[in-house]
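Next up: just one chain, as structure tokens, the form predicted on its own.
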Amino acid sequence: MVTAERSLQLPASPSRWDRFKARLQPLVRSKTALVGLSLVMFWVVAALFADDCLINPACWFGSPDYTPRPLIARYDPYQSFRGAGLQGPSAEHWLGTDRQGRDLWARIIHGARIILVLAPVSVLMALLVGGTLGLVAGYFGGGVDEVVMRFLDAMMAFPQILLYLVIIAALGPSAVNIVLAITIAGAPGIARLVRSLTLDIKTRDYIAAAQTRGESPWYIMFVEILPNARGPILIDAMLRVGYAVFAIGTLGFLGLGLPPPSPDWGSIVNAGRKFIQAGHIWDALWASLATASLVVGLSLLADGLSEQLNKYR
């Protein structure tokens, strides 16, 4: 009797920790993804702990008496040191100083904070807009698909940099307008990807079963189709965050990014290029390397995860 009861027992469901470890397996198995993650996490940690805002409750609640205290950054990014302009790397200023005597290490680290906020937010907004349009076009098809895709094709006919310039020039340089420009330029490509995935997934048996149960189209799109398309979408999103980093740097370099004295990496390169021939290469060099390392890290992370996920298809 005891043996029969034991044979009828169902296997225990995996714990949250087991599910979390299972999700990390593709990342752990890929050396490429681990290298990319290391590069990205370096900038994430540096941005989070540039000053004590993360660990100071006064910063969380916007206390008027709160003044950020530098941690990893060592100095305030806007602090000018008299007589220390255009210096090279030293023990006092690890990456040197710019023309106005501001510490380049502090400005690069605080610039990472700007990049790591604007780039993911821009891609997230583009995912919301483009993903919704792609789901609607792919699921309903017919005239809806034709209208949506022809409109998106017309937008994709314009080079992205031209869209950035037109939008920022019309609305003015600001963080909100940068996010808006990257969202508008990136949404069509995301919509095409989601549409192609939707066209494939909607032919599966579980979609037909949901339709038979009488589920609404919105339920099927966002509960049945979208979760099963998340792998390619997330990998594409990582690559797009890298493209957004380049876009923000390009706009800053052209003078259409965040207004001065913001430590935007593109603005630092633009300001530093004027002194390269005079022998001071540090502004342009460090900001360019920061941009390149973050983009390479995101690309390696996406490539490594893509390789691992494709093994199980």
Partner chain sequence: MARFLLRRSLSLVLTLFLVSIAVFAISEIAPGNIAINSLGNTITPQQEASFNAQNGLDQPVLTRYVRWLIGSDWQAQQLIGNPVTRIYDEANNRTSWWGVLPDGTLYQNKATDDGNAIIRIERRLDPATGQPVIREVTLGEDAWTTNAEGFQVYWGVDTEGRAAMWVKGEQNEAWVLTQASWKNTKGAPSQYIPLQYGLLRGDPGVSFRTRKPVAETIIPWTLNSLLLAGIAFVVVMPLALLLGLIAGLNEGKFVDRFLSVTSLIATATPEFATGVFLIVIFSSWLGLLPGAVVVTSNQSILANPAQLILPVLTLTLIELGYVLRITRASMVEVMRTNYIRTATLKGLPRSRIVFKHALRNALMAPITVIILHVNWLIGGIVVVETLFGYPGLGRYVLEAALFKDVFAIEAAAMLLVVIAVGTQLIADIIYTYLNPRIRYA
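Positions refer to the first chain, counted from 1. If you're wondering where the values come from, they're calculated on a predicted model, not measured in any experiment.
Omitted here: the form predicted in complex with its partner chain. The next part is about that form.
Enquirer: Is it the case that F158, even though its partner is missing from this view, gets within 4.5 Å of its partner chain in the predicted bound form, heavy atoms only?
Expert: Close contact exists here: in the predicted bound form, F158 approaches its partner chain to within 4.5 Å, heavy atoms only.
Enquirer: Although the partner isn't part of this model, could you tell me whether F49 comes within 4.5 Å of its partner chain in the predicted bound form, counting any heavy atom of the residue?
Expert: Taking the distances in the predicted bound form, the answer for F49 is no, it never comes within 4.5 Å of its partner chain.
Enquirer: So in the predicted bound form, is its partner chain close enough to V40 to count as touching (4.5 Å, heavy atoms)?
Expert: V40 lies outside the contact set for its partner chain.
Enquirer: Against its partner chain in the predicted bound form, would N56 count as a contact residue? Criterion: heavy atoms within 4.5 Å.
Expert: No, N56 stays farther than 4.5 Å from its partner chain in the predicted bound form.
Enquirer: Of these, 119 to 127, 149 to 157, 102 to 110, 75 to 83, which stretch puts a heavy atom within 4.5 angstroms of its partner chain in the predicted bound form?
Expert: Contact criterion met by 149 to 157 only.
Enquirer: If you check in the predicted bound form, do T32, L256 and S299 all have a non-hydrogen atom within 4.5 Å of its partner chain?
Expert: The answer is yes; T32, L256 and S299 each reach its partner chain.
Enquirer: Among the candidate residues L165, V144, L234, L71, which is the single one with a non-hydrogen atom no more than 4.5 Å from its partner chain in the predicted bound form?
Expert: Here the answer is residue option L165.
Enquirer: Scan 165 to 202 and note down the residues that get a heavy atom within 4.5 Å of its partner chain in the predicted bound form; none is a fine answer too.
Expert: Counting only heavy atoms within 4.5 Å of its partner chain in the predicted bound form, the contacting residues of 165 to 202 are L165, V166, A169, A170, L171.
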